[in-house]
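Only one chain is shown below, in structure tokens, and it's the form predicted alone.
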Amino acid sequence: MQNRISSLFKIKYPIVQAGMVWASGWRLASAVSNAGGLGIIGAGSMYPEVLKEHIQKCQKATKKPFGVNIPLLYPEMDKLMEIVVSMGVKIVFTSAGNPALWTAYLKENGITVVHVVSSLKFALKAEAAGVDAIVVEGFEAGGHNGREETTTLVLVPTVKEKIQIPLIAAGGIATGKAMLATMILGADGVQIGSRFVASHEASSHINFKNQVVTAGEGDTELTLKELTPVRLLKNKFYEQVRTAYAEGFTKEDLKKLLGRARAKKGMFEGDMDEGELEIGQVAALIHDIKPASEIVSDLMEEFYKASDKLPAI
């Protein structure tokens, strides 16, 4: 299926696996790439040497294109950028920061650059910074999200109307029908996170994967906007956050409650009570854990079937 995204990344299908902290290691990235999508190593939870190891293993596990997601608020940014350049990574997704800081440097080194945004304002800034494509992530998405609370259904056509570069939709997409819907709205491809968390290859803990597949409607909420907005599964820690708001906790109080390594404790170490469990609203539609290759094939099979049923307009 050739379009602007599959041509840009030289992949078979315009499906990007999101670079999620504690879930997106080399096993998941290589499996998605081998299946025809674009696998992404999530560097947000990795020290520089750990990222280097994951890139090396991914390069051995696949000959297909893959990328690295780098949150731009990372404290050792120079080292991460040096690693992706020196190791010949061809695609970098940036997020959580100003794309103007690193886009030119990456492109000068032959790297395709994509930036993740949650609003039209930041989409226009990313395009002005010279990125090759943009991911627009709606309110439904898991993990850290925008304060605007704009849904994917609204965000995609709003951004599409104003930019010229390729557009990737994210947030609430776990099925082929949803993929088709966002592409009808103007997206050239999709980025999918939550569905790939519930895969055999995801590095997240099996306890977390099981929580995802049993989640229902209303089991997640976007919270902690005073710090960095994040969509969480409701658990004991979430209830502590809710109580904190009811008791009028300050921003500093919330920081102390959050502490350090909450996401690692939950998603990677499997503490379902005290951990921070980041996942999208679409978890309510995810009912099983399966190989990443099967997820990709299921997405495309449903996408094509749904496309065939569309009436002529």
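Position 1 is the first residue in the sequence shown; the rest follow in order. None of these values were measured; they are calculated from a predicted model.
The protein also exists as the form predicted together with a small molecule; that form is not presented, and the subsequent description refers to it.
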Proximity of I55 to the small molecule in the predicted complex, heavy atoms at 4.5 Å: no
V21 within 4.5 Å of the small molecule in the predicted complex, heavy atoms: yes
Any non-hydrogen atom of S33 within 4.5 angstroms of the small molecule in the predicted complex: no
Contact of T182 with the small molecule in the predicted complex (heavy atom, 4.5 Å): no
In the predicted complex, the one of A187, V131, A141, V92 near the small molecule [non-hydrogen atom within 4.5 angstroms]: A141
The small molecule: the contacting residue among I279, V68, L38, L51 in the predicted complex [heavy atom, 4.5 Å]: I279
Output flag, I173, Q191 and M267 jointly within 4.5 Å of the small molecule in the predicted complex, heavy atom basis: yes
Contact segment among 216 to 224, 153 to 161, 120 to 128, 133 to 141, judged by heavy atoms lying within 4.5 Å of the small molecule in the predicted complex: 133 to 141
